[in-house]
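A lone chain, given as structure tokens: the form predicted alone.
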Amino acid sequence: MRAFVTTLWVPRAGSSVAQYEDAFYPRSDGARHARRLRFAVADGASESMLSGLWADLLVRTWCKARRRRLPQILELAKGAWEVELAAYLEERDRNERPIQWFEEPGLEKGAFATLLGVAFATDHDHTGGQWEATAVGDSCLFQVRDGELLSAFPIKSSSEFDSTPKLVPSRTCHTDKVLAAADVERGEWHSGDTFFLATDAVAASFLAAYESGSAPWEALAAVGPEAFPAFVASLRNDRSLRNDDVTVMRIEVA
């Protein structure tokens, strides 16, 4: 299959790029060509320390895991987390900024993030194939074909979004709960389909617009990375998009 990828992202208003806690992989836009391809987005929970780092580890591990399933992916990501956490603590000490007493509970608790990963496989005739998506939390996948929304996963209505989504923890003790909370969806893709992977704020806005009779995928298909900040600002100004980190990965398959 051939996929052309464009990722649109901005931090929440009032925050810097360094404070952006969503994550996506692959990090570079452009064409990809292979029989199997994987993509992912994640949303770090802002109330936990280093959630952006954990979100980034999750999407990287998902995309580099080839055919591994979620249990193995979680174990790999958690192993990488321990390495990254040790490096973070060492850097703080080296810069004479050791961990303070009020930070210790947060580090002990660990980081949390949603995860949405999708894997594509190609049929032998190369005109289509299958996709399988795995989600923990409220980052969403939307599949559009010939101007129609075919799939919305794992959330299908804007009313389903709330302030307590399912989350993937960086600590190993909750793995069974995460696996039990994971949602899986499978479908078919055809040449010409477009997929959108979206973190919660823009996913909720997408579904609300769809429910009102609009075709939100048309605007997301037309806007480019340079124009995206102004596009998001306009949605925030008219209160159709809440102020949060925003990430949309647009995948056009052929």
Partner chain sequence: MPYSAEISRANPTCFLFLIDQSESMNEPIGGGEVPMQKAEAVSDAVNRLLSELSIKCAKEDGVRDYFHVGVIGYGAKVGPIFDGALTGRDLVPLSEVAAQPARIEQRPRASTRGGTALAVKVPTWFSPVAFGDTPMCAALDLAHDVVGRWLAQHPGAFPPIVLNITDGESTDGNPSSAAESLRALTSTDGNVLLFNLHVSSDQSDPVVFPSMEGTLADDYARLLYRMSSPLPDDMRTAARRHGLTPADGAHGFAFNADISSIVQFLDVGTQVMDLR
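Residue numbers count along the first chain shown, from 1. Keep in mind that what you see is a predicted model, and the values were worked out from it rather than measured.
The next section is about a form of this same protein that is not shown, the form predicted in complex with the partner chain.
- Checking 50 to 58, 28 to 36, 223 to 231, 185 to 193 against the partner chain in the predicted bound form, the stretch whose residues place heavy atoms within 4.5 Å of it is 50 to 58.
- Residue contact check for S214: none of its heavy atoms lie within 4.5 Å of the partner chain in the predicted bound form.
- Mapping the unseen interface onto this chain, R94 falls outside it, with no heavy atom inside 4.5 Å of the partner chain in the predicted bound form.
- Within this chain, A45 lines the site of the partner chain in the predicted bound form, having a heavy atom no more than 4.5 Å away.
- Put simply, G147 is far from the partner chain in the predicted bound form: not one heavy atom of it is within 4.5 Å.
- Residue-level contacts in the predicted bound form: of E160, E104, E75, D123, one residue has a heavy atom within 4.5 Å of the partner chain, and it is E104.
- Taking a 4.5 Å heavy atom cutoff to the partner chain in the predicted bound form, none of the residues in 110 to 129 make contact.
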